[in-house]
Ligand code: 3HC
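Just one chain is shown here, as structure tokens, and it is the form predicted alone.
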Amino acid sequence: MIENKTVFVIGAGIMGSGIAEIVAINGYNCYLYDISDKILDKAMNDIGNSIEKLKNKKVLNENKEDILARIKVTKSLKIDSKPSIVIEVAPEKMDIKKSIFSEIDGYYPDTEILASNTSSLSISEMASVVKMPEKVIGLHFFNPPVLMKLVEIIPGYVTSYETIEKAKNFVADLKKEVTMSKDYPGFVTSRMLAVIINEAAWMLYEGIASKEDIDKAVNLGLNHPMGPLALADLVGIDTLLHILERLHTGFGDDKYRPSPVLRNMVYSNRLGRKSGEGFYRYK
């Protein structure tokens, strides 16, 4: 049972703002951190728009203003509260994540859970920079967090049983389902997803089929809700490249070798929906 219903979300991008939203919807108080006023303003605007859509669909009954009142934005990693759960949602780079964990370690000694939303990086390595590594765990939400029903939980090598149980209870409070994964590169979901998307990118590179036909084949022939290249645009091409590089290095297996198409797209800042163009163009 989580005693103090206060969550500190570090990173107000697409995933961070989404996690803050689902946390606030389910009655938790939330602090949302980023270094930029512009990013924080956009995050709160996006959260408000999302809540409005949910209300229009009769998914939510609570007033939007009451939900938003439970979210406070901050540009300081040292907040005027004692969060029971800290969730790091920074860019998918180990040095950034370890720097955050190292800095906040001394601020919140009573925190029950120190979590990372990483989709592929080692929880055990992140835990190596804090005084109580047994409290560090992976909580991998999916985009968009308010709609996706799964949270992947990844204990590190020394994560305690108590922390795991508290993480499960927290996810249950958010009305999400849990899958457990060991702390290996990519875990379950990112490892599987990266391989599927990378194979589709290799097919495109080899000229086997057009992007439209590759997506249609998987969408209609394999009954996936979205084609792999359209899904790549949603996830972010740069994020996928980071995951594949981590898998390639972590396992030393060339089946994870990134397609040149993905590298060239990242070099050209064609990152998917967030940049306006990836495999497809977006308004």
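So that there is no doubt, residue numbering starts at 1 and follows the sequence shown. What you are looking at is a predicted structure, and each value in this text was computed from that prediction instead of being measured.
The protein also exists as the form predicted together with this ligand; that form is not presented, and the subsequent description refers to it.
- Checked against this ligand in the predicted complex, the candidates C30, I67, V235, I214 yield a single residue with a heavy atom inside 4.5 Å, and that residue is V235.
- For the options A127, A90, V146, I113, the one in contact with this ligand in the predicted complex, meaning a heavy atom within 4.5 Å, is V146.
- Proximity of G252 to this ligand in the predicted complex: non-hydrogen atoms within 4.5 Å are absent; the residue sits far from the partner.
- Put simply, I243 is close to this ligand in the predicted complex: some heavy atom of it is within 4.5 Å.
- Contact check for P225: a heavy atom falls within 4.5 Å of this ligand in the predicted complex.
- Proximity of L54 to this ligand in the predicted complex: non-hydrogen atoms within 4.5 Å are present.
- Stretch 134-142 is the contacting one of 201-209, 134-142, 76-84, 176-184, since its residues have non-hydrogen atoms within 4.5 Å of this ligand in the predicted complex.
- Looking at this ligand in the predicted complex, residues S17, I39 and I71 place no heavy atom within 4.5 Å of it.
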